[in-house]
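What follows is a single chain, given as structure tokens, in the form predicted on its own.
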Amino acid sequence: MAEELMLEIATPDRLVFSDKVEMVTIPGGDGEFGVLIGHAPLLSTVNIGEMNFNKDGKKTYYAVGKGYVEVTFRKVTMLLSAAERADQVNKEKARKSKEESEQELARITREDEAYGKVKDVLDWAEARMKAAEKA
């Protein structure tokens, strides 16, 4: 394999992933972006969504929560509220969470204090379901 990029994914609970990869695709605060070795250094927020990386010609998917990413010439460090590998997602739990969040959002307005939290729960459930489809 050619030169590789070090990827570390961490949540408050644990180090989720740490290994060399070929490419990373991240749901950044300003939209999705890809990183290869030699990428210009940057700091970005990470949105709830789906991220993936290529290693040994295979793509691995994760559902990721909000957080931050630091990119350097040879390393990507992601500090996230949550991260779940696609093949570990409980699809039924994600579906139920999505339905419950949608029902709650239908009962409240955007001005409601709980709106942002409920929307994040819905986005997380949708990200988990989307990632799980690719497992």
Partner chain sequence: MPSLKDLKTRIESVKSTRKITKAMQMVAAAKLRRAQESAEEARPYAERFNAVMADLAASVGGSDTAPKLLRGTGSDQVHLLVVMTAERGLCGGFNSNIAKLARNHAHRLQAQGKTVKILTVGKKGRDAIKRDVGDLFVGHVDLSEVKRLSYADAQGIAKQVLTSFDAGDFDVATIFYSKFVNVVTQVPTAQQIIPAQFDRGEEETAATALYDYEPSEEAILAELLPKGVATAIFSALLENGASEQGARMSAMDNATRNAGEMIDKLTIEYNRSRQAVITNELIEIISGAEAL
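Quick caveat: nothing in here was measured; it's all calculated off a predicted structure. Residue numbers count along the first chain shown, from 1.
The form predicted in complex with its partner chain exists for this protein as well; it is not shown, and the discussion that follows is about that form.
Not one of Ala83, Val121 and Glu133 is positioned with any heavy atom within 4.5 Å of its partner chain in the predicted complex. Only one segment in the set 98 to 106, 84 to 92, 55 to 63, 39 to 47 has residues whose heavy atoms sit within 4.5 Å of its partner chain in the predicted complex; it is 39 to 47.
Within 4.5 Å of any heavy atom of its partner chain in the predicted complex lies no heavy atom of Glu4.
Within 4.5 Å of any heavy atom of its partner chain in the predicted complex lies no heavy atom of Thr25. The closest non-hydrogen atom of Val71 lies within 4.5 Å of its partner chain in the predicted complex.
When contacts are judged by a 4.5 Å heavy atom cut-off, Leu15 counts as touching its partner chain in the predicted complex.
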